[in-house]
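What follows is one chain in structure tokens, specifically the form predicted on its own.
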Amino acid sequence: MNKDKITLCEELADIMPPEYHELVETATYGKEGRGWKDIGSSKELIEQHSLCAGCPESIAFRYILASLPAPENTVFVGSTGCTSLVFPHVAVQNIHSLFGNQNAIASGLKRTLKRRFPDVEKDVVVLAGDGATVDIGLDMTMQSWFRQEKFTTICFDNELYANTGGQESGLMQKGFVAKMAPAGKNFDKVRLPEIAREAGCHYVAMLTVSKPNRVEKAIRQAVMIAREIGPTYVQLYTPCILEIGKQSMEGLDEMKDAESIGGRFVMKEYISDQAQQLIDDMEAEEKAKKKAAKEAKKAKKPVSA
């Protein structure tokens, strides 16, 4: 998707709905420095959704969309789950895979896009829940990492199967009692970030979506590293407030509690040596660009008498 694709046809402009006019006028496609601060003023960053009121996944989706380095050249691969309800509202090209095979689909898609568009970098980003990522789809998730496929995997970790009644998942906390796990889970939460690191991911991050700056930085780094070096993995805590007995306004508090000192979602990050070098180069380039812009602005400033 890019602004060329949504440009209004002059002959039809007068009959197009005002919402479409607004989309064309406010879309951030191609905007340098786009980010989470554009949420609320840009229609394509999910103005409406069909998730539950206050669902942290809706926050995560918005931050991810706003953080993509090149949304016009990005394809999402989704899987069955609560995420499926959002994809019809997403202004980025996307594919809905079968439950658990999202990383296999993404592998073929990334390779095909590379052959089809050799001169344009097409980013592929997997978005799936904990059931699709660590339970039913773990084999295909890990095999894509072993093969060093160049795309990012993002797991929305709500620590259970949220849209099918509350069954336990591999990422559920030990001892947690859910609607369809009345005896409580009897084994520890699977340490998928550690598995990702050992399976060959060059960048791994685990965090909540309570702090937009952190999420934006993690997503940008994950996509850029995957583009240049190899697989990356981001695990976002997006609690299902409905299944854990919280009110619609309590999702943010739940995430903040989980990331407090000693909490299970204190931010963790792993960066390979290759990835760190790329990050350092990108930061140096960004600093040089800002310095050049500042000097250019200073040069244009009139000298006061």
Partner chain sequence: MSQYQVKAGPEAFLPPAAASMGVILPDPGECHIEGRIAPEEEGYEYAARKFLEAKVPTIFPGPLVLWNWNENATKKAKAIRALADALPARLIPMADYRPKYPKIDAEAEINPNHPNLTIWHNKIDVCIFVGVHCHQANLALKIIRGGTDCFTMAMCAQAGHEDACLSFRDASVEKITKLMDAVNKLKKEGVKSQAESFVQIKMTSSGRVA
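Residue numbers count along the first chain shown, from 1. Just so we're on the same page, rigid core means the largest C-alpha set that superposes within 1.5 Å between forms. Everything numeric in this text was worked out from a predicted model, so none of it was measured.
The same protein also exists as the form predicted in complex with the partner chain; that form is not shown, yet it is the one meant from here on.
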query: The partner chain contact in the predicted complex: E285, any heavy atom under 4.5 Å; finding: no
query: Touches the partner chain in the predicted complex: E25 (any heavy atom, 4.5 Å); finding: yes
query: K289: touches the partner chain in the predicted complex, heavy atom cutoff 4.5 angstroms; finding: no
query: Contact label in the predicted complex: H89 to the partner chain, heavy atom within 4.5 Å; finding: yes
query: Among 34 to 42, 236 to 244, 47 to 55, 273 to 281, the region lying within 4.5 Å of the partner chain in the predicted complex by heavy atom distance; finding: 47 to 55
query: Exceeds or equals 2 Å, Cα of A13 between the shown form and the other one, core fit; finding: yes
